[in-house]
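One chain comes next, on its own, written out as structure tokens in the form predicted alone.
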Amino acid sequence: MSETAEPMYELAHLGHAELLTPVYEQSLEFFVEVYGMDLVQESGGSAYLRAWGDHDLTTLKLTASDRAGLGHVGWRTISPQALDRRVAALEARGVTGEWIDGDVGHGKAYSFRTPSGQRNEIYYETEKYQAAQGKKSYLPNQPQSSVTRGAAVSRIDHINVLAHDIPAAREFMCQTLGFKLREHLIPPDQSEAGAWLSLMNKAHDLAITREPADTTGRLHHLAYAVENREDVLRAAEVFCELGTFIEFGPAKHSRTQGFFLYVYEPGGNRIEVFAGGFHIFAPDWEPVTWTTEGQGRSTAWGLDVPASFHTHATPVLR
């Protein structure tokens, strides 16, 4: 079972994330022309973007800042009542948050910081995307045509944040918001190095991995999904052709079983292209405990993890 006696289904999915960048114009060009997202609008020093398969109006807010990093991450609840219940649970836990009026694409939200220092918000009201002529799909159950540019990412998938005390960080998310622990990594004679949590039946919506530095609130990576492994391989070609450095991959994760590729956007934030991942349908899923990578491999098929994957995060420490 998860961290709670009974599974809690109060949050529906990862709704959006805000990334900060010191090179706003270059980052915006990357997300549109290279990563393949659409620009919804710009206002107040921020750009609001979407992937072609996102049903909400926008899932990425890109904000000009002096440093790269995570502005905040937003989670949508299953109902207005669930939003009120989760706020009550947070405040009962001693969290001091605040209500905000909302932003482009979503209504009022409760903003707070987690024990690991990242700013989160939970909300329910959201604006659905309505495709303009020329963007409509021939399939009425798709929000937008899949004919696009660059890596052509299809939807927001998951986020990985850093924490010093991973058990405390994941227990907070499980007990107050209803995340379920799916897998975690506890190397021999070491503290927990990573935890993978989800809200419904995905392998993960949120990963929490070890913070190597004396700081808090940092981002490891934000991931958008593509439809299949071939799209990850195609993304690798796109990145190479357009001059984007590939840090890691393409390869297969042992945990989550996802096919992956990591790059840095111009501001320095690590961005993933992700496909696959197993699904969980059993309400009594027992979390999988890893002690090492399978059969001593760094990844499922043996590709070594670059040192930067364990050291680089945003904001970069000066």
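Start at 1 with the first residue shown and count on from there. Owing to the predicted nature of the structure, the values given are computational and were not obtained by experimental measurement.
Omitted here: the form predicted together with a further copy of the same chain. The next part is about that form.
Participant: Among the candidate residues Q142, Q175, S111, N160, which is the single one with a non-hydrogen atom no more than 4.5 Å from a further copy of the same chain in the predicted complex?
Facilitator: Spelling it out, the residue with a heavy atom inside the cut-off is Q142.
Participant: Can you work out which of A193, A236, V87, V95 has a heavy atom no more than 4.5 Å from a further copy of the same chain in the predicted complex?
Facilitator: Answer to the contact question: A236.
Participant: a further copy of the same chain in the predicted complex: within 4.5 Å of a heavy atom of each of E183, E230 and A300?
Facilitator: Each of the three qualifies.
Participant: At the 4.5 Å heavy atom threshold, is R155 in contact with a further copy of the same chain in the predicted complex?
Facilitator: Residue-level check for R155: yes, a contact with a further copy of the same chain.
Participant: Looking at the partner-bound form in the predicted complex, is F259 within 4.5 Å of a further copy of the same chain by any heavy atom?
Facilitator: Answer yes; at least one heavy atom of F259 falls within 4.5 Å of a further copy of the same chain in the predicted complex.
Participant: Just checking whether R255 would be counted as a contact of a further copy of the same chain in the predicted complex - the rule being heavy atoms within 4.5 angstroms.
Facilitator: Because a heavy atom of R255 falls inside 4.5 Å of a further copy of the same chain in the predicted complex, the answer is yes.
Participant: Contact between D165 and a further copy of the same chain in the predicted complex at 4.5 Å, heavy atoms?
Facilitator: Looking in the predicted complex, residue contacts with a further copy of the same chain do not include D165, since no heavy atom lies within 4.5 Å.
Participant: Okay, which stretch from 236 to 244, 114 to 122, 207 to 215, 87 to 95 lines a further copy of the same chain in the predicted complex, with non-hydrogen atoms inside 4.5 Å?
Facilitator: This holds for exactly one stretch, 236 to 244.
Participant: Using a 4.5 Å cut-off on heavy atoms, what residues in 45 to 72 are near a further copy of the same chain in the predicted complex?
Facilitator: Going through 45 to 72 in order - heavy atoms within 4.5 Å of a further copy of the same chain in the predicted complex - there is one hit, H55.
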